[in-house]
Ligand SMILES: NC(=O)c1ccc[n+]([C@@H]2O[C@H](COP(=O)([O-])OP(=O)(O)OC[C@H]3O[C@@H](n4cnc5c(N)ncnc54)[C@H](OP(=O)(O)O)[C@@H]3O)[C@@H](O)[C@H]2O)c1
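First, one chain by itself in structure tokens, the form predicted on its own.
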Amino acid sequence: MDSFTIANTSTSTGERLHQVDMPRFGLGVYLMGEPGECKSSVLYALEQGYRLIDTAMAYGNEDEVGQAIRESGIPRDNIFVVTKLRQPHANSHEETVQRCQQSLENLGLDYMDLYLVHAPPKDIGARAPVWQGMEECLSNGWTRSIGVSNYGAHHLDAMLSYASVMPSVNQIEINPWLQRPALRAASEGVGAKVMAYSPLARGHKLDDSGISGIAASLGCTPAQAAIKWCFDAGAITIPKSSKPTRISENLASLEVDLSGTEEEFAALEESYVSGWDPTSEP
């Protein structure tokens, strides 16, 4: 499966540090809260060839992700695990370090591959110490890389004043109806790869005539067309599903060829936010 080399770039030298290979396609496990739902979904996805799993402490299923990884029989270093520091927990250097350790305990793993600040801390004054706590987690080897989620361009710019290393990833909502070219460029500009969550806009738009027409012309489902658009836009893409048929269908989207549909996809843009949008917070 395709991968990116992600790295935390030094703000003083510009050197790319802590470089790791990250699969470009994976499974998101948001809203998998029923007992056993997340574990069975992750196990199935791993059997199908997925090697990137994206969870968060806020999802309440880190433990099932870890159980599935251990039961899969796949070597740990072949699976890329992402989890996140909850926004309500992003209050201080000390709490950041503590919550990272808690996530590792929940996962039952010795390390995670990418640890993200789930959203900019509400307290602007906490943003520097929280990121410095993330840097300590990186230095301690608890995570192989660190990044952010739901950060706007102004949040990334502000980090240049207090970060020793910049984020390796910015995970944001991206889909054909929310294309965000400026934010994608700002993320890449500070050395952060873009990771697209809600590539299907939480399913809100899949019945629209625009995406249905594109999918019909390509011989795929609307969901596959939307997922492949995110992937072809250069984003690490993590569609969520707990249904085995959908997990397989989503993976098959990588085989779809979108050539010749550029104008049709461009016409879908409507700045539609399907979930929360901390990128616009102060």
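In this text, residue numbers run from 1 along the sequence as written. Everything numeric here is computed off the predicted structure, so don't read it as measured data.
Below, we turn to the form predicted together with this ligand, even though it does not appear here.
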Practice problem: Check each of A58, A233, L43, A223 and return the one that places a heavy atom within 4.5 angstroms of this ligand in the model of the complex. | Solution: A223
Quiz item: Tell me, which of T83, S187, S168, Q171 has a heavy atom within 4.5 angstroms of this ligand in the model of the complex?
Solution: Q171
Quiz item: Tell me which of 122-130, 90-98, 196-204, 139-147 has residues with heavy atoms within 4.5 angstroms of this ligand in the model of the complex?
Solution: 196-204
Quiz item: Can R246 be called a contact residue for this ligand in the model of the complex at 4.5 Å between heavy atoms?
Solution: yes
Exercise. Find out whether any non-hydrogen atom of Q67 is located within 4.5 angstroms of this ligand in the model of the complex, and reply yes or no.
Key: no
Self-check item: Interface membership of K240, this ligand in the model of the complex, 4.5 Å heavy atom rule
Solution: yes
Exercise. Classify H155 as contacting or not contacting this ligand in the model of the complex by the rule of any non-hydrogen atom within 4.5 angstroms, answering yes or no.
Key: no
Exercise. For the heavy atom contacts within 4.5 Å of this ligand in the model of the complex, list the residues of 24-59 involved, in sequence order.
Key: G28, V29, Y30, D54, Y59
